[in-house]
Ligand code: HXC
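As a starting point, one isolated chain is supplied in C-alpha coordinates, in the form predicted on its own.
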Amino acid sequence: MVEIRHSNILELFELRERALAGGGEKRIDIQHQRGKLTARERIHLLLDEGSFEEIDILKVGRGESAGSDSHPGDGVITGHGTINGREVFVFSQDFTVIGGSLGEGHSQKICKIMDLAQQVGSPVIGLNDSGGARIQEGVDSLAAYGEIFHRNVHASGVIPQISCIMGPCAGGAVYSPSITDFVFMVDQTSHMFVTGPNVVKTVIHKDITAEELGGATAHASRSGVAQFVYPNDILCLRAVRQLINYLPSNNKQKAPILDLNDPPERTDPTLDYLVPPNPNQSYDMNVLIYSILDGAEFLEVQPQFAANRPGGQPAGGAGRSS
(Lines give C-alpha, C1' and ligand atoms only; values in the text may rest on other atoms or scores of the structure.)
Protein backbone atom coordinates (compact mmCIF):
# COMPACT_ATOMS: atom_id res chain seq x y z
CA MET A 1 0.00 0.00 0.00
CA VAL A 2 2.84 2.36 0.90
CA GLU A 3 4.62 1.54 -2.37
CA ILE A 4 1.47 2.35 -4.40
CA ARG A 5 1.07 5.71 -2.69
CA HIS A 6 4.74 6.47 -3.23
CA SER A 7 4.35 5.60 -6.93
CA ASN A 8 1.33 7.90 -7.25
CA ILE A 9 3.19 10.78 -5.63
CA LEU A 10 6.13 10.30 -7.99
CA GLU A 11 3.77 10.23 -10.97
CA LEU A 12 2.12 13.48 -9.86
CA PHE A 13 5.53 15.06 -9.36
CA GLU A 14 6.60 14.06 -12.88
CA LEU A 15 3.38 15.42 -14.40
CA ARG A 16 3.87 18.72 -12.56
CA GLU A 17 7.44 18.98 -13.84
CA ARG A 18 6.21 18.38 -17.39
CA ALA A 19 3.54 21.05 -16.99
CA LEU A 20 6.13 23.54 -15.73
CA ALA A 21 8.40 22.72 -18.69
CA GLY A 22 5.76 23.72 -21.25
CA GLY A 23 6.64 22.61 -24.76
CA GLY A 24 10.25 21.83 -23.87
CA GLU A 25 13.57 23.64 -24.18
CA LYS A 26 13.67 23.61 -27.99
CA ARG A 27 10.30 25.32 -28.41
CA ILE A 28 11.04 27.72 -25.57
CA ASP A 29 14.28 28.71 -27.33
CA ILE A 30 12.31 29.38 -30.52
CA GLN A 31 9.87 31.52 -28.50
CA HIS A 32 12.76 33.58 -27.14
CA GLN A 33 14.37 33.90 -30.59
CA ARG A 34 11.15 35.49 -31.83
CA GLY A 35 11.47 38.14 -29.13
CA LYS A 36 8.68 36.67 -27.00
CA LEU A 37 8.57 35.54 -23.39
CA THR A 38 7.05 32.23 -22.34
CA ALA A 39 3.61 32.04 -20.76
CA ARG A 40 5.04 31.55 -17.26
CA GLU A 41 7.62 34.30 -17.65
CA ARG A 42 4.83 36.69 -18.57
CA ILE A 43 2.80 35.80 -15.49
CA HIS A 44 5.79 36.25 -13.18
CA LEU A 45 6.45 39.71 -14.67
CA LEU A 46 2.81 40.74 -14.48
CA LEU A 47 2.05 39.72 -10.90
CA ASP A 48 3.65 40.60 -7.59
CA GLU A 49 6.55 38.30 -6.79
CA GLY A 50 5.47 35.05 -5.16
CA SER A 51 1.74 35.85 -5.36
CA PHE A 52 0.69 33.54 -8.19
CA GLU A 53 -1.49 30.56 -7.27
CA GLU A 54 -2.00 28.23 -10.21
CA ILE A 55 -5.25 26.35 -10.84
CA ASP A 56 -5.73 23.12 -12.85
CA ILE A 57 -2.02 22.68 -13.61
CA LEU A 58 -2.50 19.00 -14.55
CA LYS A 59 -5.67 19.29 -16.61
CA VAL A 60 -5.42 17.60 -20.01
CA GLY A 61 -7.45 17.96 -23.18
CA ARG A 62 -10.19 15.88 -24.70
CA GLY A 63 -9.18 12.32 -25.48
CA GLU A 64 -6.00 12.55 -23.42
CA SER A 65 -5.08 10.78 -20.22
CA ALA A 66 -2.25 11.56 -17.85
CA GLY A 67 0.31 9.60 -19.83
CA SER A 68 3.58 10.18 -21.64
CA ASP A 69 1.87 11.69 -24.72
CA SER A 70 -0.41 14.07 -22.83
CA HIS A 71 0.02 17.82 -22.39
CA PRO A 72 -0.52 18.69 -18.70
CA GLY A 73 -2.10 22.14 -18.52
CA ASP A 74 -3.49 21.82 -22.08
CA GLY A 75 -1.63 24.86 -23.40
CA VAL A 76 -2.82 27.51 -20.95
CA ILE A 77 -1.72 28.59 -17.47
CA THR A 78 -4.48 29.87 -15.19
CA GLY A 79 -4.65 31.18 -11.66
CA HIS A 80 -4.80 34.26 -9.49
CA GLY A 81 -2.35 36.61 -7.79
CA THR A 82 -1.89 40.25 -6.94
CA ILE A 83 -0.80 43.44 -8.66
CA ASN A 84 0.43 45.98 -6.13
CA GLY A 85 -1.47 44.01 -3.51
CA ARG A 86 -4.78 43.88 -5.39
CA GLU A 87 -6.31 40.55 -6.38
CA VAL A 88 -6.50 39.71 -10.10
CA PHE A 89 -7.22 36.56 -12.11
CA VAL A 90 -5.10 35.69 -15.11
CA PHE A 91 -4.74 33.18 -17.91
CA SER A 92 -1.69 32.92 -20.15
CA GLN A 93 -1.76 30.86 -23.33
CA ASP A 94 1.39 28.82 -23.99
CA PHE A 95 2.36 28.91 -27.66
CA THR A 96 5.01 26.24 -27.05
CA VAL A 97 2.26 23.68 -26.29
CA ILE A 98 0.15 22.79 -29.34
CA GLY A 99 0.58 26.37 -30.58
CA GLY A 100 -1.52 27.67 -27.70
CA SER A 101 -4.56 26.38 -29.59
CA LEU A 102 -7.90 26.27 -27.79
CA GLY A 103 -9.58 22.97 -27.09
CA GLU A 104 -12.30 21.95 -24.68
CA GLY A 105 -10.01 21.50 -21.65
CA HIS A 106 -8.14 24.71 -22.47
CA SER A 107 -11.45 26.59 -22.60
CA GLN A 108 -12.71 25.06 -19.35
CA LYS A 109 -9.66 26.40 -17.54
CA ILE A 110 -10.21 29.92 -18.90
CA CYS A 111 -13.94 29.81 -18.13
CA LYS A 112 -13.26 28.76 -14.54
CA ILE A 113 -10.95 31.74 -14.08
CA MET A 114 -13.53 34.11 -15.57
CA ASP A 115 -16.28 32.70 -13.33
CA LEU A 116 -14.13 33.05 -10.22
CA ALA A 117 -13.14 36.61 -11.15
CA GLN A 118 -16.78 37.62 -11.49
CA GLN A 119 -17.79 35.86 -8.26
CA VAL A 120 -15.18 37.66 -6.15
CA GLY A 121 -15.28 40.92 -8.11
CA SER A 122 -11.70 41.07 -9.39
CA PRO A 123 -10.21 42.01 -12.80
CA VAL A 124 -9.43 39.26 -15.28
CA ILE A 125 -6.36 39.54 -17.51
CA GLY A 126 -5.79 37.37 -20.59
CA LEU A 127 -2.31 36.96 -22.09
CA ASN A 128 -3.16 35.71 -25.57
CA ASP A 129 -0.69 33.82 -27.74
CA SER A 130 -2.70 31.31 -29.73
CA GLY A 131 -3.14 29.87 -33.18
CA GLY A 132 -6.91 29.71 -32.67
CA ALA A 133 -9.24 26.73 -32.49
CA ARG A 134 -7.70 23.27 -32.12
CA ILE A 135 -8.59 21.54 -35.37
CA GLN A 136 -8.20 18.06 -33.85
CA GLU A 137 -11.26 18.71 -31.66
CA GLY A 138 -13.48 19.99 -34.46
CA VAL A 139 -16.73 21.71 -33.51
CA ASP A 140 -16.04 21.09 -29.82
CA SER A 141 -13.28 23.69 -29.91
CA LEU A 142 -15.63 26.16 -31.61
CA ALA A 143 -18.31 25.53 -28.99
CA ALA A 144 -15.63 26.11 -26.35
CA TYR A 145 -15.07 29.61 -27.75
CA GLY A 146 -18.77 30.25 -27.38
CA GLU A 147 -18.49 29.52 -23.65
CA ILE A 148 -15.79 32.18 -23.33
CA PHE A 149 -17.77 34.76 -25.34
CA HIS A 150 -20.79 34.11 -23.12
CA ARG A 151 -18.74 34.99 -20.06
CA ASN A 152 -17.24 38.06 -21.73
CA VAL A 153 -20.73 39.45 -22.21
CA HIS A 154 -21.88 38.71 -18.66
CA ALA A 155 -18.71 40.21 -17.15
CA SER A 156 -18.94 43.37 -19.28
CA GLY A 157 -19.48 46.38 -17.05
CA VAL A 158 -19.09 44.22 -13.93
CA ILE A 159 -15.34 43.61 -13.72
CA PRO A 160 -12.44 44.98 -15.81
CA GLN A 161 -11.47 42.66 -18.66
CA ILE A 162 -7.99 43.23 -20.07
CA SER A 163 -6.44 41.42 -23.04
CA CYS A 164 -2.80 41.34 -24.10
CA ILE A 165 -2.13 40.15 -27.65
CA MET A 166 1.39 38.76 -27.46
CA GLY A 167 1.64 36.50 -30.49
CA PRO A 168 0.11 35.60 -33.86
CA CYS A 169 -3.52 35.27 -32.73
CA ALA A 170 -6.00 34.29 -35.45
CA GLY A 171 -9.62 33.28 -35.82
CA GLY A 172 -11.42 32.57 -32.58
CA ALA A 173 -8.34 33.68 -30.62
CA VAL A 174 -9.17 37.33 -31.35
CA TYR A 175 -12.97 37.42 -31.09
CA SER A 176 -12.91 37.42 -27.31
CA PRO A 177 -10.07 39.96 -26.83
CA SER A 178 -11.72 42.42 -29.21
CA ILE A 179 -14.80 42.70 -26.97
CA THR A 180 -12.89 43.15 -23.71
CA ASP A 181 -12.41 46.57 -22.12
CA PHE A 182 -8.74 47.17 -22.94
CA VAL A 183 -6.53 45.57 -25.58
CA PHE A 184 -2.73 45.72 -25.41
CA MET A 185 -0.55 44.67 -28.35
CA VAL A 186 3.18 44.09 -28.73
CA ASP A 187 4.63 45.71 -31.83
CA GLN A 188 5.92 43.39 -34.59
CA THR A 189 5.39 40.14 -32.63
CA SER A 190 1.60 40.24 -32.20
CA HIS A 191 -1.18 40.04 -34.79
CA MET A 192 -4.97 39.98 -34.73
CA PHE A 193 -6.96 38.77 -37.70
CA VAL A 194 -9.89 36.48 -38.39
CA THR A 195 -8.14 34.89 -41.37
CA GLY A 196 -4.49 35.20 -42.32
CA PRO A 197 -2.71 36.57 -45.40
CA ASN A 198 -2.88 33.22 -47.23
CA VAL A 199 -6.68 33.14 -47.05
CA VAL A 200 -6.88 36.76 -48.22
CA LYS A 201 -4.64 35.85 -51.16
CA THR A 202 -6.84 32.89 -52.06
CA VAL A 203 -10.19 34.70 -51.77
CA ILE A 204 -9.55 38.20 -53.13
CA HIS A 205 -6.15 37.62 -54.82
CA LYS A 206 -4.44 40.36 -52.85
CA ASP A 207 -0.94 40.11 -51.42
CA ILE A 208 -0.78 41.46 -47.87
CA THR A 209 1.60 40.90 -44.99
CA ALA A 210 0.54 39.80 -41.52
CA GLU A 211 1.66 43.17 -40.15
CA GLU A 212 -0.44 45.10 -42.67
CA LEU A 213 -3.46 42.87 -42.12
CA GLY A 214 -3.54 42.71 -38.34
CA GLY A 215 -0.41 44.19 -36.80
CA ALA A 216 -0.28 46.48 -33.80
CA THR A 217 -0.05 49.64 -35.89
CA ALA A 218 -3.08 48.67 -37.99
CA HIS A 219 -5.27 48.09 -34.94
CA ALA A 220 -3.98 51.07 -32.94
CA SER A 221 -4.23 53.66 -35.72
CA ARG A 222 -6.91 52.40 -38.12
CA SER A 223 -9.38 49.89 -36.64
CA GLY A 224 -9.20 51.22 -33.08
CA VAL A 225 -9.34 47.70 -31.62
CA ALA A 226 -6.08 48.13 -29.69
CA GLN A 227 -5.83 50.84 -27.03
CA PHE A 228 -2.14 50.38 -26.20
CA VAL A 229 0.95 49.32 -28.17
CA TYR A 230 4.36 48.58 -26.66
CA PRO A 231 7.65 47.48 -28.24
CA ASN A 232 8.13 44.30 -26.19
CA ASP A 233 6.49 41.95 -23.68
CA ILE A 234 8.18 43.50 -20.64
CA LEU A 235 6.97 47.06 -21.27
CA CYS A 236 3.51 45.78 -22.19
CA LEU A 237 3.10 43.91 -18.90
CA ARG A 238 4.41 46.88 -16.91
CA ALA A 239 1.74 49.04 -18.54
CA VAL A 240 -0.97 46.54 -17.55
CA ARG A 241 0.20 46.84 -13.96
CA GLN A 242 -0.05 50.63 -14.26
CA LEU A 243 -3.56 50.47 -15.72
CA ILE A 244 -4.78 48.25 -12.87
CA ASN A 245 -3.78 51.03 -10.46
CA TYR A 246 -6.37 53.32 -12.05
CA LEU A 247 -9.30 50.89 -12.21
CA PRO A 248 -11.79 49.77 -9.58
CA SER A 249 -11.88 46.01 -9.08
CA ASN A 250 -15.57 45.86 -9.97
CA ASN A 251 -18.65 47.99 -10.60
CA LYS A 252 -19.45 48.26 -6.88
CA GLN A 253 -16.13 49.77 -5.90
CA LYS A 254 -14.55 53.15 -6.45
CA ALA A 255 -11.18 53.58 -8.13
CA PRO A 256 -8.25 53.25 -5.70
CA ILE A 257 -6.69 56.37 -4.22
CA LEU A 258 -2.92 56.73 -4.04
CA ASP A 259 -1.09 59.30 -2.00
CA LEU A 260 1.24 60.95 -4.51
CA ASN A 261 2.17 63.83 -2.17
CA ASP A 262 1.03 66.41 -4.70
CA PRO A 263 -0.53 69.37 -2.80
CA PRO A 264 -3.98 70.39 -4.13
CA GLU A 265 -3.06 74.09 -3.88
CA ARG A 266 -0.05 73.68 -6.19
CA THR A 267 0.07 76.19 -9.06
CA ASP A 268 1.88 76.05 -12.39
CA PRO A 269 2.79 79.47 -13.85
CA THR A 270 3.62 77.94 -17.24
CA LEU A 271 -0.10 77.40 -17.86
CA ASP A 272 -0.50 81.19 -18.11
CA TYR A 273 1.41 81.00 -21.39
CA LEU A 274 0.07 77.71 -22.74
CA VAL A 275 -2.70 79.13 -24.93
CA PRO A 276 -1.20 81.46 -27.57
CA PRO A 277 -2.76 84.90 -28.27
CA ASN A 278 -3.38 83.89 -31.87
CA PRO A 279 -6.55 81.70 -31.91
CA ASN A 280 -5.37 80.05 -35.13
CA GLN A 281 -2.20 78.77 -33.50
CA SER A 282 -2.15 75.28 -32.00
CA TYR A 283 -0.74 74.28 -28.63
CA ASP A 284 0.21 71.05 -26.88
CA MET A 285 -2.64 69.74 -24.72
CA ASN A 286 -0.27 67.27 -23.06
CA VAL A 287 1.39 70.17 -21.25
CA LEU A 288 -1.94 70.96 -19.60
CA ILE A 289 -2.72 67.32 -18.81
CA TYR A 290 0.62 66.58 -17.18
CA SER A 291 0.45 69.83 -15.21
CA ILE A 292 -2.95 69.34 -13.58
CA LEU A 293 -2.65 65.61 -12.78
CA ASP A 294 -1.21 64.53 -9.45
CA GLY A 295 2.45 63.70 -9.74
CA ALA A 296 2.28 64.24 -13.51
CA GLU A 297 1.11 60.61 -13.73
CA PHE A 298 -0.79 59.89 -16.95
CA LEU A 299 -1.53 56.82 -19.05
CA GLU A 300 -2.85 57.87 -22.45
CA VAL A 301 -5.49 55.66 -24.05
CA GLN A 302 -5.35 55.14 -27.84
CA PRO A 303 -2.61 57.72 -28.51
CA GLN A 304 -2.32 56.63 -32.16
CA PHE A 305 -6.04 56.63 -32.98
CA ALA A 306 -7.91 59.57 -34.57
CA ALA A 307 -4.73 61.57 -35.14
CA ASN A 308 -6.66 63.57 -37.76
CA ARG A 309 -8.07 65.76 -35.00
CA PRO A 310 -6.73 69.34 -34.71
CA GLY A 311 -3.12 69.20 -33.62
CA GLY A 312 -3.19 65.42 -33.63
CA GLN A 313 -3.56 65.33 -29.86
CA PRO A 314 -5.98 62.62 -28.68
CA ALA A 315 -7.46 63.49 -25.28
CA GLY A 316 -8.42 60.17 -23.67
CA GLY A 317 -6.43 58.76 -20.79
CA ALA A 318 -6.20 57.87 -17.13
CA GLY A 319 -4.58 59.78 -14.32
CA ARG A 320 -5.17 61.29 -10.90
CA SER A 321 -6.19 64.79 -9.93
CA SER A 322 -6.87 66.39 -6.59
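Residues carry their position along the shown sequence, with the first being 1. The shown structure was predicted, so the numbers you read here are calculated from the model rather than taken from an experiment.
Quick note: we don't show the form predicted in complex with hexanoyl-coenzyme A (HXC), though the next part is all about it.
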Checking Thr78, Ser107, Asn128, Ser101 against hexanoyl-coenzyme A (HXC) in the model of the complex, the residue with a non-hydrogen atom inside 4.5 angstroms turns out to be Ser101
Note: exactly one of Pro72, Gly215, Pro168, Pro177 sits with a heavy atom within 4.5 Å of hexanoyl-coenzyme A (HXC) in the model of the complex, namely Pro168
### Message
Suppose contact means a heavy atom within 4.5 Å; in the model of the complex, does that hold for all of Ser51, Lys112 and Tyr246 with hexanoyl-coenzyme A (HXC)?
### Response
no
TL;DR on 157-165, 192-200, 222-230, 80-88: the one with heavy atoms within 4.5 Å of hexanoyl-coenzyme A (HXC) in the model of the complex is 192-200
Considering non-hydrogen atoms and a 4.5 Å limit, does hexanoyl-coenzyme A (HXC) approach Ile204 in the model of the complex? no
Is it the case that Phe95, even though its partner is missing from this view, gets within 4.5 Å of hexanoyl-coenzyme A (HXC) in the model of the complex, heavy atoms only?
yes
### Query
Can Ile135 be called a contact residue for hexanoyl-coenzyme A (HXC) in the model of the complex at 4.5 Å between heavy atoms?
yes
I'd like to know whether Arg27 contacts hexanoyl-coenzyme A (HXC) in the model of the complex, with contact meaning heavy atoms within 4.5 angstroms.
yes
Taking hexanoyl-coenzyme A (HXC) in the model of the complex and a 4.5 Å non-hydrogen atom cutoff, the residues of 137-151 making contact are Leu142, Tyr145, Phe149
